[in-house]
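This document starts with one chain, in the form predicted on its own, laid out as structure tokens.
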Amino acid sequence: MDRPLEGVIRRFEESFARRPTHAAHAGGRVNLIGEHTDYHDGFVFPAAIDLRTAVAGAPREDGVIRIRSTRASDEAQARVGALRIPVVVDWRAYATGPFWALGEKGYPVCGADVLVDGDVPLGGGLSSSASLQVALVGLASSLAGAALPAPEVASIARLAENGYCGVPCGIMDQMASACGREGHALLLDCRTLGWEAVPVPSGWALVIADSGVKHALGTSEYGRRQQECAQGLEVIRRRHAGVRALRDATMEMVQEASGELEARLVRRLRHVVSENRRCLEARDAMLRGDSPQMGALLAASHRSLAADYEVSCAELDLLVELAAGMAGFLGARLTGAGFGGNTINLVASERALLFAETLAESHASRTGRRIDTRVVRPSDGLSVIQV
């Protein structure tokens, strides 16, 4: 049995004084490249990682859902059929949302006792919310006797985050968490939900560095970026009838529309269009094992996110700057929605552990503040078992 499942099963027994019938775990994720393109029908290039959210559960006959977490002191409780979109969105909303979303999609939902455990950092841009909701959808559907394919689990988890928690995210995080493959990144087409598993070269390692700045995707800035892009897209659509989303736009179209748009909106469009192209170029670079090209693409992505989409911050920029001068460095950028969270560093495998330690020390020397850095591995997505 997977180690994350052994731990959550034991903790379920300690908490509820009975044996769970099912358990599941799903990965957090890093996005190698392709930020703020998923909700524009674009391409993204994430990988599920070996930081996981694990859940265990057993059905109840009274229709009550009780969810406890090793990371929270309070309990989430609801009744099947009486779930309502919450006014206050906290961890309990993220925990009960998957049960609501399953019902909204017409799947059976039963009462359950559920225990949540895991080691995905909260608010760090590594998809703690998506891994939680993917794991819970997988668990809840299995408890009710409806084993679902991973892409459908991802779709339901996204509905929970969009419709129940009010976060206007795309599908990338849920698809990576549900469909990841060990040793691979997924080039995901967010329009068709088709994906290609691309092997990460054995000479490359991934190191994440936590800026210490927590972000919240429900903040006004995240929604504002979507509104800004929608304004710019409308101008492009008036000129080009075949453009459904920014995924269909070209840099020439952005340039044509620039005379009708504020400079800020032009920058937003420029980021999405160029980042979409960088995703496809990154896939080709990875297949070739071309580390200089991959590093250049990561650097260009970070510059675009900082200057054009304006979702970086001083702490993330500093981490990218410090990493660039270190042995084994191949490339770095912020990963996730920005406004804080983590950077992802592409590093020569034989240097990865030393790189992580040195980056933390260099940051402490510059700022007086110690940060968390760690090597992560591309891993499988959702796993559900009957106990």
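Nothing here was measured: the structure is a model prediction, and the numbers come from that model. A residue's number is simply how far along the shown sequence it sits, counting from 1.
The discussion below concerns the form predicted together with a small molecule, not included here.
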Contact of G336 with the small molecule in the model of the complex (heavy atom, 4.5 Å): yes
So, in the model of the complex, is G340 in contact with the small molecule at a 4.5 angstroms heavy atom limit? no
Going by a heavy atom distance of 4.5 Å, is W204 a contact of the small molecule in the model of the complex? no
Evaluate R52 for contact with the small molecule in the model of the complex, applying a 4.5 angstroms cut-off between non-hydrogen atoms, and reply yes or no. no
Proximity to the small molecule in the model of the complex, single hit among M172, V114, L132, A209 (heavy atom within 4.5 Å): M172
Heavy atoms within 4.5 Å of the small molecule in the model of the complex: which stretch in 133-141, 164-172, 181-189, 260-268 meets that? 164-172
